[in-house]
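Heads up, the chain below is alone and in the form predicted alone; it's given as structure tokens.
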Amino acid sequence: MTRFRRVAVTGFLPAVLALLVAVVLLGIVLRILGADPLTSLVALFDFGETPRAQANQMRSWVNGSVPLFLSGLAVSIGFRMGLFNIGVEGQYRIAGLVAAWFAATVALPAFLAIPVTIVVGMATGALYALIPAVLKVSRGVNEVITTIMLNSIVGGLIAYLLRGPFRDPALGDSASGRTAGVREEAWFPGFDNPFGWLGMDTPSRPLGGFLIVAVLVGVIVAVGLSRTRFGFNLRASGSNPEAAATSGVGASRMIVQAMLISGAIAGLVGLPQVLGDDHGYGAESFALGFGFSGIAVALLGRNHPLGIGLAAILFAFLNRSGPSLQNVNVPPSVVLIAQGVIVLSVVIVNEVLRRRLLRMEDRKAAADHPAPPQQGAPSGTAPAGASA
């Protein structure tokens, strides 16, 4: 098999085919729901009628892609190691709460407030991810079970903290739980006119500056996985643990390290909202679901930072299109259907192409190494009973 064909089958081709299959299936679903697929497709690209509305829609799109990208990166680290870290949801929720409480209560100089708060969020996410890692290497407990349970536990833990030690004293007896406001020194700066170079209007609120952090983290992960010894050990342990152990790469150590890194990146997911938009953590306002969406983003992006970035942009584009779909009488739940169809398409197309690749390699191996001639009569001697 040529190198181009192998890269196509194992790289970008599955994602492209999956998207095409998803578009066809989504068109069928829309027709079943009584909606016009073409009208719905046009509505997806409706960014509003006024320049300000279009700028606000663009801001929502870009801001929505940042937590999806970070969540997808966190999930992909576990996938590279053969781990299924479903706990990104709980890890970023508790990390966002602790980071918000820290930034609201600890006074730091302006040049330290933001980086230290980011480190606190990453450390919290990493520590929460350490729990399933330790249980796996010490007791052999499957990480899927422990991370699901920890996701459930974190809801109760956050509810307790927001009613007790982390609660804003100014709320009094209000039922809504919220931390105190983040100190202004820890507010993450944004971009006031980010789309001026496109000839667009200024959005009502600045574009989140955490986009820069997300890009930086993506570059670090890409370089770390492809250009460092740790990245090689991680990939080797994930693909063949026995061979990696023979080479001196400890599987237990790699599991712990992979889960710590995954949890640390997960700790960044909620910080754009905590430090950039809400300047605090509220039980009712904090966005949920990014951890589970990150699984789909990582699958669609083939666990590569660049692919994850493109998948996050696609999912954020679909998320912001809900109001536009409602304008053409399409229920916003179609967005969730579309994302689910995309994930299923990716899984199916990946499996079909994987089997196709294996068959092609088997045929090539058979052609390169033909079976030896059957042992029997000497060469050139006709079998007994055959006519001359």
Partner chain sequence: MSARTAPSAPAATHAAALRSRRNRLLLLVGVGFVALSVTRVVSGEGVLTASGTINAMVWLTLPVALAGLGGLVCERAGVVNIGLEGMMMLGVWGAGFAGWRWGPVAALIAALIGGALGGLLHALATVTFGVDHIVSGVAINLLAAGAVRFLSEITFLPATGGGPTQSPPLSGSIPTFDIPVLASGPDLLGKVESTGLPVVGDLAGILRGLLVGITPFELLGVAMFPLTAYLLWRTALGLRLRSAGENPWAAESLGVDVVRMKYLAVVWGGALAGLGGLFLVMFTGSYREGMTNGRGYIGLAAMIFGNWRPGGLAAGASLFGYADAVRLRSQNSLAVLALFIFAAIIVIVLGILWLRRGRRLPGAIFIGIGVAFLLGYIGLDSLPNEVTTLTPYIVTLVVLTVSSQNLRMPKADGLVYRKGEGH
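Positions refer to the first chain, counted from 1. In this text, the rigid core denotes the largest set of C-alpha atoms whose superposition between the two forms falls within 1.5 Å. Bear in mind that the values here come from a model prediction, so they are computed numbers and not experimental data.
Heads up, the form predicted together with the partner chain isn't pictured, but that's what we're talking about next.
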query: Contact residue in the model of the complex, chosen from M254, L150, A264, L314 - any heavy atom within 4.5 Å of the partner chain; finding: L150
query: Candidate from V62, A43, I337, A53 lying within 4.5 Å of the partner chain in the model of the complex - any heavy atom; finding: I337
query: G140: touches the partner chain in the model of the complex, heavy atom cutoff 4.5 angstroms; finding: yes
query: R355 within 4.5 Å of the partner chain in the model of the complex, heavy atoms; finding: yes
query: Interface membership of A296, the partner chain in the model of the complex, 4.5 Å heavy atom rule; finding: yes
query: Contact test in the model of the complex: P115 vs the partner chain, heavy atoms, 4.5 Å; finding: no
query: Triple contact flag V21, G48 and A287 to the partner chain in the model of the complex, non-hydrogen atom at 4.5 angstroms; finding: no
query: Among 254 to 262, 105 to 113, 187 to 195, 131 to 139, the region lying within 4.5 Å of the partner chain in the model of the complex by heavy atom distance; finding: 131 to 139
query: Members of 327 to 361 lying within 4.5 angstroms of the partner chain, judged by heavy atom, in the model of the complex; finding: P331, P332, S333, V334, L336, I337, G340, V341, V343, L344, V347, I348, E351, V352, R355
query: Residue shift check between this form and the one not shown, rigid core fit, E49 Cα at least 2 Å; finding: no
